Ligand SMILES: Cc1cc2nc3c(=O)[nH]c(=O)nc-3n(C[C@H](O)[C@H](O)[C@H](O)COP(=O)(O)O)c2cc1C
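Shown next as structure tokens: one chain only, the form predicted on its own.
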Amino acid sequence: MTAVEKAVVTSCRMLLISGSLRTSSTNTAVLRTAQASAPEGVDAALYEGLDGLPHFNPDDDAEPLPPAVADLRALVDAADALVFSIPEYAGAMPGSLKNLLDWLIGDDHRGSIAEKPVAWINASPRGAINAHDSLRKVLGYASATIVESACVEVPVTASMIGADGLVADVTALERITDTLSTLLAATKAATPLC
């Protein structure tokens, strides 16, 4: 096995999904920070297609898929684990994120989240407990594997984000990196090739 093949095999691919469409979202900043500070052995990619997904319609869940859905499913299929960071709207997760999850449910298609290790970083200083309760419910229904030890609260405010769009607070940065390390360990335990 060549060095390049070893690097591919030993790299754990994590897809980072923000539930916010806001340009200045603290949730997206947390995930950008996770991507920029990913520990060794993690190849982290930030999903940026949330606003382009069509509304879920079971009639459209057939080949050929809408291009945005096909792209999403390809990214999820290639990922070894997923990390979410979501705000709370009207006492639950945002509708745009629920729409994304609806496209990922289904044990019988490539790109579903069934048995995929997942975690989340709750960036809300106010808790956003209802958003994460609804996320937990949908992920459980979808048969995703929730890695509890990697689901953490890292309250982030706009003042903690630097001009580069990354979280500048050292304590928050360490917790974000630790979350990816914890998810990496759990994913490696479940996925020998990761």
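So that there is no doubt, residue numbering starts at 1 and follows the sequence shown. Given the structure is predicted, the values throughout are model-derived calculations rather than measurements.
What comes next is about the form predicted together with the named molecule, which does not appear here.
The named molecule is not drawn, but in the model of the complex it has no heavy atom within 4.5 Å of T177. In the model of the complex, P117 stays away from the named molecule, with no heavy atom inside 4.5 Å. In the model of the complex, the named molecule stays beyond 4.5 Å of every heavy atom belonging to G95. At the 4.5 Å threshold, heavy atoms of E88 reach the named molecule in the model of the complex. Of the stretches 54-62, 163-171, 25-33, 138-146, only 25-33 has residues with a heavy atom within 4.5 Å of the named molecule in the model of the complex.
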